[in-house]
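This document opens with one chain alone, in structure tokens, the form predicted on its own.
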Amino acid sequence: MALSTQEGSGDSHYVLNVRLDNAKNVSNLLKAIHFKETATVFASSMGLKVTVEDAKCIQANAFIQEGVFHEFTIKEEQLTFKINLTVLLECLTIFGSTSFPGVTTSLKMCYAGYGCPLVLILEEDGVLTDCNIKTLEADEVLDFNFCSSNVVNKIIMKSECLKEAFNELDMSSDILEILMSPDAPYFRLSTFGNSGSTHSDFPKDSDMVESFQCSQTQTNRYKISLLKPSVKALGHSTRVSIRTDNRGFLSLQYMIKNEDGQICFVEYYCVPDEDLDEPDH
């Protein structure tokens, strides 16, 4: 491979140096969280976490673990920088998505530290392209303080089922109401639009529901405009975990299998619509 011949002593000043044979394994995950132009990248020995958020109400995280890469070298405990996600995706897909079967785009990605650009070297079928993307100082990202010990209800289901339900939602409704309960109707999605209210119910013993752990009845409302971006992740995933905590915060965790069969995760957090402007009690 031409990329491997490009490596050598010139790489020693990079604090982050990664390589993989199929750039699509990264670009597909990033597409699943691409609803704002900028993203914050966290790099550690565990891999990369890329975070996108909007209006302090929704946050999406793509986790690209170290094992996805064929080489992963980091010289600091953690690196953090902000980057234009739109530009990054354009670079990762620079050869287009119409590759011939068996032809993949290999990727080498390097970062020399604070203030330095993110360097991408892509190769497809002997053609090399390199890109330098400006990095910015990272803003502090929100901590939604969503921890498993506070989770009240959790349902794992096949993504295709939830995707169908989302496609049927009345988009003239501003909000989506989610009911999760140990009793019937168990799991219900409701909208309240111009044509009245609509409901989609999912019995807990449905073939589409793989795990049902609901300890109390909860009804929460979320802005549909905030949840719309998560539909992108739904299209790439095979399973989705839907969790709510004792505050009504929503976690949607998508299991995405890449072209090499590895499992990666994308997670969305969304705040409930009610009482957002109320002071803490």
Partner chain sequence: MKCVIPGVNIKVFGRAIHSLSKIGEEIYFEPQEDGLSLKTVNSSRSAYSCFLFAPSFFQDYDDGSGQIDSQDGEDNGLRCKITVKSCLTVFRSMSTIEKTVERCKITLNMDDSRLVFMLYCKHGIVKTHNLAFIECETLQAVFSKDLTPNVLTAPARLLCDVVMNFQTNQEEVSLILSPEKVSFKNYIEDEPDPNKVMHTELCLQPEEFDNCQVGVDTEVTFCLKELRAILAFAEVVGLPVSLHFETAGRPIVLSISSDASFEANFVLATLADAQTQTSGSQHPRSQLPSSSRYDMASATEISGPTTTQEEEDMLDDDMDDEMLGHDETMPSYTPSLQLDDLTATAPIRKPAPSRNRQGSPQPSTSRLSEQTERQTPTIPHRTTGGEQFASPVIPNQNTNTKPMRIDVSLLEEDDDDEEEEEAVPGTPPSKKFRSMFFGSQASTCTQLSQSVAPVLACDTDDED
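Just so it is clear, the structure is predicted and the values come from calculations on it, not from any experiment. Residue numbers count along the first chain shown, from 1.
Heads up, the form predicted together with its partner chain isn't pictured, but that's what we're talking about next.
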{"property": "Among the candidates 161, 142, 79, 89, the residue which, in the predicted complex, approaches its partner chain to within 4.5 Å (heavy atoms)", "result": "161"}
{"property": "Its partner chain: the contacting residue among 115, 182, 196, 96 in the predicted complex [heavy atom, 4.5 Å]", "result": "196"}
{"property": "Residue stretch of 197-205, 102-110, 119-127, 132-140 approaching its partner chain in the predicted complex, non-hydrogen atom distance within 4.5 Å", "result": "197-205"}
{"property": "Proximity of residue 169 to its partner chain in the predicted complex, heavy atoms at 4.5 Å", "result": "yes"}
